[in-house]
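Just so you know, structure 1 and structure 2 below are the same protein chain in two forms, each on its own as C-alpha cells.
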Structure 1
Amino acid sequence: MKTVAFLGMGVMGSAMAGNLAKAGYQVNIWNRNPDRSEIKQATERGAAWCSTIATAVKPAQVIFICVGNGKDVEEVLFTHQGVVDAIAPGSVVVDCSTIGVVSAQAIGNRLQSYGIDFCDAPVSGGDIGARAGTLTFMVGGSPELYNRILPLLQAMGKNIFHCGPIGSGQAVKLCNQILVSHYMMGICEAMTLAEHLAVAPQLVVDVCGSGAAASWALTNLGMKVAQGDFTPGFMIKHMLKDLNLVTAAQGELNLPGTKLVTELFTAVANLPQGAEQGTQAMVRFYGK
C-alpha cells in the first residue's frame, strides 16, 4: 500500500486526506494546531494522525501540502524539523495551496537543490468538492511527475489538468479566482435585485441556473447568498489573499473588475466577523 503524507488539516485538506484514505491509501496527517476539529473528520475516514512532520513524512512516497499561503508552505518544508529534514529519497512534494507563480517556482527550485521533486497543484471546487471528491486540480510540473501522482489526484478530484511546468497550475488558479470572484459579485447583485422586485430567490437559482447564467457558484451558493448563510466554505480572507496574488502578477495589465471585487471583499472583511465568513458574505456590502 502506498503511504502518503498530508500536511494541513483545514476544511479542504481534511476532506482531501479522508478521500485518499477511503481510496485505500495509507495516509499520515499532520497539522500545526492538533486541536483543529477537522482532524477528526479525516481520522474517521481512515487517516492516521501524526504529532510531528517527521513521523508523517518519513514513510511517505508523496507529500501533499494544503496550507494558507506561500510563507506557510516554506515553513512546513524548510524550517527545523520540516519536510526536507525527514523526506525519503525519491519522494515528491505536491502543494495544493494557492501561493502564486513566483512562490511556486522559487519553492520548486529550492527543493530541487535538495534533490526533491515538486508539483504545484492548486484546486477549485470549495469544501463541497473536497468532501465529494470532485475537485478540479491544476497541476504544474513535469509530465513524468504528473503521471506519477495522477492516481492520487483522481482519488480526490474529478477534473485533473496538466497545465505545464512548475508554476503553471498557479497561473491557471489565479485566472480561476478572477472568474469566481466576479461570479460572486453577479450573484449578490442579482439576489439583491430579486429581493427588491419580490422575486423568489429559488426562482433565480432554478431559472437563471438553467440557461446562459448557469454556474457552480449560483447552484451551490446562490441560496446561501439569499438566506444570509455565511458559513464559510472558502473564507473572504483567503479570497483576498488570492486576489492580492492576482494583483501582484498582473504587472501593467489593467484589470478593473478585479480591482472592484477586491474593494468589495475588503469592505466586507472590515465588518464584524467578515473576514472569517464565506465569500457569499459579499452580499453584506449591499446591506444584507
Structure 2
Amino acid sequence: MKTVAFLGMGVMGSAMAGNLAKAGYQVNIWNRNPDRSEIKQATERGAAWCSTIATAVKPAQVIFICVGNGKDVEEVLFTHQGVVDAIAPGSVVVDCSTIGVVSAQAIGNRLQSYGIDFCDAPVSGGDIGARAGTLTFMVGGSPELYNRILPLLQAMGKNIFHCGPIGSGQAVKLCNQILVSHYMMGICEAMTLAEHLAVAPQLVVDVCGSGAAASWALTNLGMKVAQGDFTPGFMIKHMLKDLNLVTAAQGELNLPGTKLVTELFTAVANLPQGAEQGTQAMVRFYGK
C-alpha cells in the first residue's frame, strides 16, 4: 500500500487527508499545533498521527503540504528537522497551499537542488468541497509528476487540471480569486441598489440568475449578501492574502478592479469581526 504524508491539519488539510485514508492509502499526518480540533477528522477516517515531520515523511512516497503562506511552506520543508532532512530518495512534494507564483517557483528550484520533485496544486471548493472530496485541483509541474499523483488527487477532488509547469497552478488560482472577488463586488452593489429601490433580493437572484448574469456566486451567496449572513465559507482575511499574491504576481500590469476589491475587503477586515467573516461580508462596506 502506498504511504503518503500530509502536513498541515487545518480545515482543508484534515478533510483532504481523511479522504486519502478513506480511499485506502496509509496516511501519516502532522501539524505544527498538535491540539487542533480538526485533526480528528483525519484520524477518525484512518490517518495516523505523527508527532514529528520526520516520522510522517520517512516512509512516504508522496508528501502533501497544506499550510498558510509561502513562508510556512518553506518552514515545513527546509528548517531543521523539516521535510528535506527526512524525505526518502525518489519521493515527491505536492503543495496544496495558495502561495503565489513566485514562491512556488522558488520552492520548486530549491527542492530541485536537493533532487526532490515538486508540484504546486492549490485547490478551490472550500471546506465543503474538501469534506465531500469534490475539490478542484490546479496543478503546476511536469506531466510525469502530474500523472503520478493523479490517483491521489482523485481521492480528494472531482475536477483535476494540469495547468503547465511549476507555478501555473498558482497562476490559475489567482485568476480564480480575481473572478470571484469581482463577482462579489457586483453582487454587493446590485443588492445595495435593489434595497434602495425596494426590490426583493430574491427577485435579483431569480431573475438575474436566469440569464446573462447567472453565476455560482449569485445563486449561492446572493441571499447571504442581502440577509447579512456573514458566516464564512471563505474568510475575508484569506481572500486578502490571495489578492496580495495577485499584486506580487502582476508586475507592471494595471488592474484597477482588483485594486478596488482589495480596498473594499481591507475596509471590511478592519471592521469588528470583519477579517473572519465570509467574503460576502464585503457588503458591510455599503452600510449593511
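Note that the rigid core is defined as the largest set of C-alphas that superpose within 1.5 Å between two forms. What you see is a predicted model, and the numbers here were worked out from it, not measured in a lab. All residue numbers here refer to structure 1's sequence, counted from 1.
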Structure number of the form predicted together with a further copy of the same chain: 2
Rigid hinge motion between structures 1 and 2 - rotation in whole degrees: 11
Value in Å for the CA shift of M223 between structures 1 and 2, taken after the core is superposed: 4.8
